[in-house]
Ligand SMILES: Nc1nc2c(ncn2[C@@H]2O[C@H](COP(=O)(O)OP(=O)(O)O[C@H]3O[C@H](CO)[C@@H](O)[C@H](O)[C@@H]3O)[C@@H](O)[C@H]2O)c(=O)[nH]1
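Take a look at this single chain in structure tokens; it is the form predicted on its own.
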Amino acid sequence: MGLEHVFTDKFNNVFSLVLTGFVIVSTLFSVLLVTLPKQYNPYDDKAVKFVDEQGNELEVKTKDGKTPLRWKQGRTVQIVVLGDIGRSPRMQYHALSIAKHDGRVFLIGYQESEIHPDIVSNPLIEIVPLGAAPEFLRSSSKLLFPILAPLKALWQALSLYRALGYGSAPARWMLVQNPPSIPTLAIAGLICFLRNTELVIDWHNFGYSILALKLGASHPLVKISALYEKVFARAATHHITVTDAMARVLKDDYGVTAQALHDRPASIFKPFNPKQRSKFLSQLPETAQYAPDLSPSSKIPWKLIVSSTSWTADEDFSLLLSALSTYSAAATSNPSLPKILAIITGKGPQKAHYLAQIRQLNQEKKLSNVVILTAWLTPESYAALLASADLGISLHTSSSGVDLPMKVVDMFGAGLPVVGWGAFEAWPELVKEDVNGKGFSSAGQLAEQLVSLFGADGDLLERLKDGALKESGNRWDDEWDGIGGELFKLL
């Protein structure tokens, strides 16, 4: 009888534990189901209503103030930038194009700089800001990178999951900028699976190739990143790229089919006439004191060159400094060569390093015929600066060999001829040699081009200018409508 009692007690204890475990698991499962991001339902994807403080519905009009704002049902898109929205012009252009064709947009990313004013004022575009990672996780130390990188990725993954799953309404499509690929592609793929959303990847480059600049191509993390990118690429239903060369790589190495949607300038980038140029140069603080020297009526007019840089490892700014030093020496021995005002725009991690180099060169009097200034400009002022310059310089070296610098596209939009690092496969897709620009592969070659274009070969500079003006006619809307308009079923 005692033995039977012991077995009964043991059974009751085991049963109680099993029942408790079952209740806990079922409760957690129920909570998970309840708290999962809401799935996309095309029947809920209805027109946005705008009301006043009293709850009365308002008729909202487009920017021209005349046309009533319309919206196409079932055309909501989340656009994801795991970076600064203001410094992601292509993704901003996507948002504007979708809204232009009556689609609704949730633009998700960091707000660290000024966003295109048409985005801010567009009622069909809602900005969903991401919280920045703590300062200690943003260290640029190569030694601490293997420790901090996973922690930063985890922080980004959580904030991105929250923004995509709960910070915005379900969408029919999610358009993701790549890179950065970690953790963007994994989180985007998960959210799209949970929300019944179609994932579209916009390939600007390959994340592993950028990581290789920091760690080296043979580093284990680079190899893991390359594998990760290939795996999660297959989670997308559609792929678009910035070049035909990149689309080829995706097909050959990743096994996915992509369409090339080449970058084109937005309407803000346009050529200036001489009167507009003179007025702008006299008003911009960085150029005001040099405006008389930059005038064509000056005895030996100075030349204005512009380079936009993110001050990162894929842009070797020392190339330009070396070339300008060589040019300055050439101008000393040949007084007919004009002086150069070089304005460098942008922000980035290596800026302080190169500013120290510029100070050193000035102290050594190696830039006696060159003035180098840095600036951080509004989009409108930057566009006007390009339209006022004589030559644009691109230092983008392409970590993968198949991406292209959008800054060159903007320069062409302003009718500005370009010289740039051209020693990579995709360069000829953008620049036609001796038609709208020239490519260089060394600091010495760049210096020779500056001496030639601003000296004896001035006629070639005029021909390049004509070619750039012709290129300025190719616009983003025309390119986007044929690819994006069809993909998102807006045209």
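Residue numbers here begin at 1 and follow the sequence given. The shown structure was predicted, so the numbers you read here are calculated from the model rather than taken from an experiment.
One more form of this protein exists, namely the form predicted in complex with the named molecule; it is left out here, but the text below deals with it.
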Options 288 to 296, 359 to 367, 395 to 403, 270 to 278; stretch whose heavy atom lies within 4.5 Å of the named molecule in the model of the complex: 395 to 403
Is there a heavy atom of K407 lying 4.5 Å or less from a heavy atom of the named molecule in the model of the complex? yes
If we define contact as a non-hydrogen atom of the residue within 4.5 angstroms of the partner, is R90 a contact of the named molecule in the model of the complex? yes
Against the named molecule in the model of the complex, would Q283 count as a contact residue? Criterion: heavy atoms within 4.5 Å. no
I'd like to know if S388 sits close to the named molecule in the model of the complex, meaning any non-hydrogen atom pair within 4.5 angstroms. no
Exactly one of G189, P170, P379, P183 comes within 4.5 Å of the named molecule in the model of the complex through a heavy atom, and that residue is P379
Which one, N122, S328, S322, N205, lies within 4.5 Å of the named molecule in the model of the complex by heavy atoms? N205
Can you name the residues of 337 to 366 that have a heavy atom within 4.5 Å of the named molecule in the model of the complex? T345, G346
